[in-house]
Structures are given as structure tokens and as C-alpha cells.
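Okay, here we've got a single chain as C-alpha cells, the form predicted on its own, with questions on binding and movement later.
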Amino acid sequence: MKLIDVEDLWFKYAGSDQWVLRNICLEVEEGEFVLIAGKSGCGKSTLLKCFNGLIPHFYEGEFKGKVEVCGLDTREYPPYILSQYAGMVFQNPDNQLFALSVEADIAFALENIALPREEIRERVDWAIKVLGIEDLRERSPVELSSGQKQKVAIASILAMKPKVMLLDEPTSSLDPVSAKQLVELIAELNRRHGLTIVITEHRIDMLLPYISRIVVIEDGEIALDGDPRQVLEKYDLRVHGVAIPKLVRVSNTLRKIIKNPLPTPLSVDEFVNILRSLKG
């Protein structure tokens, strides 16, 4: 089932002569885990904002083309409606958290769409359990670490039970260990709960074992789109301003040394298995 359908999308912000997005055509199917990669300023975050209606309703500018989310034309439905289908987690969780307690923050959006109190309580309990943040329930968000804040921000979106979760550089302020834990949590939401994920992220290495697809944006246009392993084997991401994952660089070097067409590993475990096969 197609959840996001983008046809010939163009967008430039008010007061600017430069198109941030140009000729974007993209489809996202239910259950996919899509990574949108590209150098800073290429249009990744702008594209995410088009998926939940912040563009064109909140950010002013010139919008051409069509974006549909779960069959809803984003030009015709406001963000508070679209957020029930495509929920967004921003790069800085402080932009989303403002209540006096974690529980109140998670309940806020549910109260805004006037859900019955009992359903709000059930959804908050469920989201807190899924994210494993029961111990944070009564705490103030200002007391939390960056990693804990991101979990609460994700819980607040998850409680809306959207079809798609959009995440904009969610690990940018996290240390490597916290970032890895957060990526594993997001992957679990996709794998166990069937939540469709669209994420922008520079730390490609952490996401490679989990994503089903990589879309590379360059100067506002889609430069590459496909299966991660195939994209990494066929193309040099550096040409498009994206760093090649360290594991892939090591594998490419080994391939040249032993002159063996090794498959491109997407995880450390895969790479270890490849090395063991060579030894055997």
C-alpha cells in the first residue's frame, strides 16, 4: 500500500529565488524504512516538512506539484489532520517538549484532537511502554538527557498512532552510544510494530543494517534511489556529497587487495561472515 506519493514537487521559500526542491517524484510503501541522505542544505528537511503539511501551510513559499499522504492531498488538509497520518520528530526535541511532565507531553497532541480521556490514557500508557520510558513518566522534560528527550518526542508521536513516522536528524545531538540505542529503537518500531519510517540522517553506518531503501538528494533533486546494497555497490556516494560508510570503505579496500568480488556488507556481522567464508 502506497502511503506517500509525491509527483513533480517543487518548492522555494518566500523571499528566495532558489528552488530548494526540484522535480521530486517519490513513493513510499507501507512498512518501508527509508533513509534520505545528502549533504547539509540539499533539501532533506524541507522534503520531510512537505510530508506532514508544514509545507505549504506553515512555511510560506512557492509550492508546485502534488504530495499525498495516505491518500490525502497535503494542499487541502491542515497539519493537525495530516499529523495523525504522518508524525514528525524534529532534530531538536526541545522544540516539541514543553509540558511539566513526560506524561503530559505525550498526552498533549491527543487532547488537541479531542480523543476521549480513557483512550488518551490507554495510548499514553502504550507509547510509554513501547519506548521503555516508564521511569520517566512523572519527570519534567527539562531534567532529561538528550537521548531521553528524543525517546519522549518519539513517544508523543507514536501515541498518535500515525501510519508514517518522519525523523529529521534524530541522533545529531547524541553521543555514539545513545545514537546507536535510538537507531535500534526506531528499527524495532519498524520491524515489530510495522511503522513506516522515513528518516534523514548523516550517520549512515548505524542505519545500514535496518533500512530497506536509500534516497540521496543533491541540490534539491533525487540523485539516487534504491536498495542500499545495490546503491553502495554501483555508485560512489562522495560524488553526491555523502560520505561512504566506514564498513563499506574497508570492504572496498579488501576487495581490491584480494581481487575478489565480495558482496558489500551492511553490518559488522555480515562483514565477519564474509571474512569467515574467505578463510574457509
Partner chain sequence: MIVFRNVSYVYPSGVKALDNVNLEVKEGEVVALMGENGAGKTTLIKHLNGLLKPTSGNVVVDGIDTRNSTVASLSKIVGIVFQNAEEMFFSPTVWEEIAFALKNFGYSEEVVNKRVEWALKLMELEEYRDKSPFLLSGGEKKRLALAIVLAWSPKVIALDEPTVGQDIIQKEKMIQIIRQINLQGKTVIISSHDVEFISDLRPRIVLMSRGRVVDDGPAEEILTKLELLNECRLIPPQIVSLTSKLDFLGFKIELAEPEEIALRIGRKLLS
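Numbering follows the first chain given and starts at 1. Model, not experiment: these values are computed from the prediction.
The same protein also exists as the form predicted in complex with its partner chain; that form is not shown, yet it is the one meant from here on.
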Lys39, Ser178 and Gly241: each with a heavy atom within 4.5 Å of its partner chain in the model of the complex? yes
Residue within 4.5 Å of its partner chain in the model of the complex by heavy atom, from Ser173, Gln96, Asn190, Ser101, is Ser173
Using a 4.5 Å heavy atom cut-off, indicate which stretch of 40-48, 26-34, 65-73, 217-225 touches its partner chain in the model of the complex. 40-48
Met1: touches its partner chain in the model of the complex, heavy atom cutoff 4.5 angstroms: no
With the partner left out of view, is Gly53 within 4.5 angstroms of its partner chain in the model of the complex by any non-hydrogen atom? no
Is there a heavy atom of Lys161 no more than 4.5 Å from a heavy atom of its partner chain in the model of the complex? no
Would Arg123 sit within 4.5 Å of its partner chain in the model of the complex, counting heavy atoms only? no
Of the residues spanning 244-258, the ones with some heavy atom within 4.5 Å of its partner chain in the model of the complex are Pro245, Lys246, Leu247, Arg249, Val250, Thr253, Leu254, Ile257, Ile258
